[in-house]
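Okay, so here's just one chain, in structure tokens, the form predicted on its own.
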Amino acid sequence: MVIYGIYIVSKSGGLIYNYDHNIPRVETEKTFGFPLDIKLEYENKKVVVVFGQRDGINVGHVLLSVNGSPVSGRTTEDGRDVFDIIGVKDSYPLSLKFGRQRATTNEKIVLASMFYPLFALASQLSPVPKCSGIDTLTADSFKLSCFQTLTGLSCVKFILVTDPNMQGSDVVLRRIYELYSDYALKNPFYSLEMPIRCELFDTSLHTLLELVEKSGTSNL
């Protein structure tokens, strides 16, 4: 069983906790000839693929290195501009490494705020009255499971991102909710809607996820 990450979203839609547990590193290195058959642009301080997909390189992937030289922003380790290199025919053949970078904290905050209205929209679109919203969302490479607390506990949403074949996600989410109740809500220094910063919660959560990955959910 592979667990990728945990997100906890407050009643107002803010991200109050996240933990990347086992995010796979996706990297692809290929040798290209001139002219380059994929389009790159500089966005959000990263050189990103915006058009053209091949050999595991997809739109949205970030340029990590040029001929083995790591890329920071739009320059290589030796200070050369990436676009000056790829625009010159004499630079080829050119070895480019691309990958999917981990989301930054700010990007996670934006994603959490986007999930909140999506959850509410799912409730409204349901043909069945009083639908609770999104419980499970399955894609080809991951599964997202969501558990929402009762209204008395401010409708906090617990989101678990796992391998698509993961079983027992609902059990894991309820155990995470129990840890949240024990170590966050009962903490006299914690305020609702605020980020969770509690060492006991972190430690207990990490132990829980490691147990699930080693022996499954049968012992929870």
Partner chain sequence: MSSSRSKTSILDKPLSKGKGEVSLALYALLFSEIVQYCQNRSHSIHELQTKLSEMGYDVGTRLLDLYFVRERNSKREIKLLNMLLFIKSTLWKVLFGKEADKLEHANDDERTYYIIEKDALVNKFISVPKDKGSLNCASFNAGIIEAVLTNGGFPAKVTAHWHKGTTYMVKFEDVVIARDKCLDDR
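What you see is a predicted model; the values in this text were computed from it and never measured. Residue numbers count along the first chain shown, from 1.
What follows is about the form predicted together with its partner chain, which we do not show.
**Q** Which pick from 170, 29, 182, 163 sits with a heavy atom within 4.5 Å of its partner chain in the predicted bound form?
**A** Here the answer is residue option 182.
**Q** Within 4.5 Å, heavy atoms only, one stretch in 29-37, 42-50, 185-193, 56-64 touches its partner chain in the predicted bound form. Which?
**A** Partner-contacting stretch among the options: 185-193.
**Q** Using 4.5 Å between non-hydrogen atoms, is residue 15 touching its partner chain in the predicted bound form?
**A** Contact with its partner chain, no.
**Q** Answer for residue 211 alone: is it within 4.5 Å of its partner chain in the predicted bound form, judged on heavy atom distances?
**A** Outside the cut-off, so no.
**Q** Could you tell me if residue 205 has a non-hydrogen atom within 4.5 Å of its partner chain in the predicted bound form?
**A** Contact check for residue 205: no, nothing within 4.5 Å of its partner chain in the predicted bound form.
**Q** Heavy atom within 4.5 Å of its partner chain in the predicted bound form: which residues of 59-75 meet that condition, in order?
**A** Residues within 4.5 Å: none.
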